[in-house]
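Only one chain is given next, in structure tokens, and it is the form predicted alone.
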Amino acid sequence: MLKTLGAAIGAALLLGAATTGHAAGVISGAGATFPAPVYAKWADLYKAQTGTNLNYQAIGSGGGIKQINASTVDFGATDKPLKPDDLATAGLTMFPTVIGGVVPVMNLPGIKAGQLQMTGANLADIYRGAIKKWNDPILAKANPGVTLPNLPITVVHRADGSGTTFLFTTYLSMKAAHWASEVGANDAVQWPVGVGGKGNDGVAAQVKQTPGAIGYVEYAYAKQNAMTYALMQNKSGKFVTPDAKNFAAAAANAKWASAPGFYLLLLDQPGADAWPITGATFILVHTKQTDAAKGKEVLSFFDWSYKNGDAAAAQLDYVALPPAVKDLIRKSWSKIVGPDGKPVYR
């Protein structure tokens, strides 16, 4: 299934790759692997209806930010939102597309998906190397009645600059003072232990081939590859399942209208069902477009996806944005202008 998912994403996202990113009927983008499955599906549907190709390189949020800053793509994609001052300095506009969840996944013989319970503090101790074996008394205490294997833990993390890593390490920093002071939160950190994988698919592959491994991926990768995942303790103290309903619960109180530049984190939100490592994923475009027609093509794709892509997003366990938020985003596009100073999308 992992190879199938990767092939499907690659086929959909590289549509039109033989053409340049600035040819008519081709939109080019690069960045986050977190939303790659849903962008692949939207690309298929959009091409079937409009004939326009999406050439998207799922290279990680760090790469997406670099490429849009270098103007080598029409849009960048990131799960690490940029703060308003950084957007202004770079001349960029940012808006969210969908919401998803980051999920701890593991390769544990005899343990089924959802059988293992994990707290944020336990997860931080695993990732800083303080908990080294699966049958450690700390994990055993959190999992009464579960026979944990006597296996060493192999930590798997992202090797590339990653918005998924930003969400994951920010959450660990919120739950564990040791992590916050020793490692911190960013899209790339100095990992105390472990091995790296490129992209969500690379982390998933490393976990699947390594007994005793633990990693973190966007939920679509865990679900479509039937990976073992952990229940996470949320802010209300409940151990909850990663699914679209619980991602939506985490996003229920999101105040997008009062978030400058749409900068908003959805981590460790209140609510009995809220999944604690929830986040939006974002698009970056230049506020001043050198090619108004190309800018319009990009916004047309995302407007079409907002109108027609919710069902496809739900099938992959992403959460669509509420209609009122989509309207806010469309209004924000008025500041994206062409060389004549007029909005490129009206």
Partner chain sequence: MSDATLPATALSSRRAAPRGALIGKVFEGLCFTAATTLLAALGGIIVSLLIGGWPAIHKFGFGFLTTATWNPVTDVYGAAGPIVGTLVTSALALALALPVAGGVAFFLTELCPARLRMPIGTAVELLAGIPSIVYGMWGLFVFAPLFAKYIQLPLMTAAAPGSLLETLTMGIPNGSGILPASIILAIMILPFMAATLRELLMSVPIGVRESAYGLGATTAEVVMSVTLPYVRTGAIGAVMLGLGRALGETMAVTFIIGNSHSFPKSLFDSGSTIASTIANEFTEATSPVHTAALIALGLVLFLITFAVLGLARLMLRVQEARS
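Fair warning: this is a prediction, and the values are worked out from it, not measured in the lab. Residue numbers count along the first chain shown, from 1.
Another form, the form predicted together with its partner chain, is not on view; read the next lines as being about it.
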item	value
Any non-hydrogen atom of residue 136 within 4.5 angstroms of its partner chain in the predicted bound form	no
is_contact(residue 206, its partner chain) in the predicted bound form, heavy atom dist at most 4.5 Å	yes
Its partner chain contact in the predicted bound form: residue 65, any heavy atom under 4.5 Å	yes
Partner proximity in the predicted bound form: residue 129 to its partner chain, non-hydrogen atom cutoff 4.5 Å	no
Heavy atom within 4.5 Å of its partner chain in the predicted bound form - the one residue of 149, 271, 114, 196 that qualifies	196
Position in contact with its partner chain when the complex is considered in the predicted bound form, options 161, 120, 81, 104, heavy atoms within 4.5 Å	161
Answer range among 247 to 255, 85 to 93, 152 to 160, 272 to 280 for contact with its partner chain, defined in the predicted bound form as heavy atoms within 4.5 Å	152 to 160
Residues within stretch 174 to 188 having a non-hydrogen atom within 4.5 Å of its partner chain in the predicted bound form	183, 184, 185, 186, 187, 188
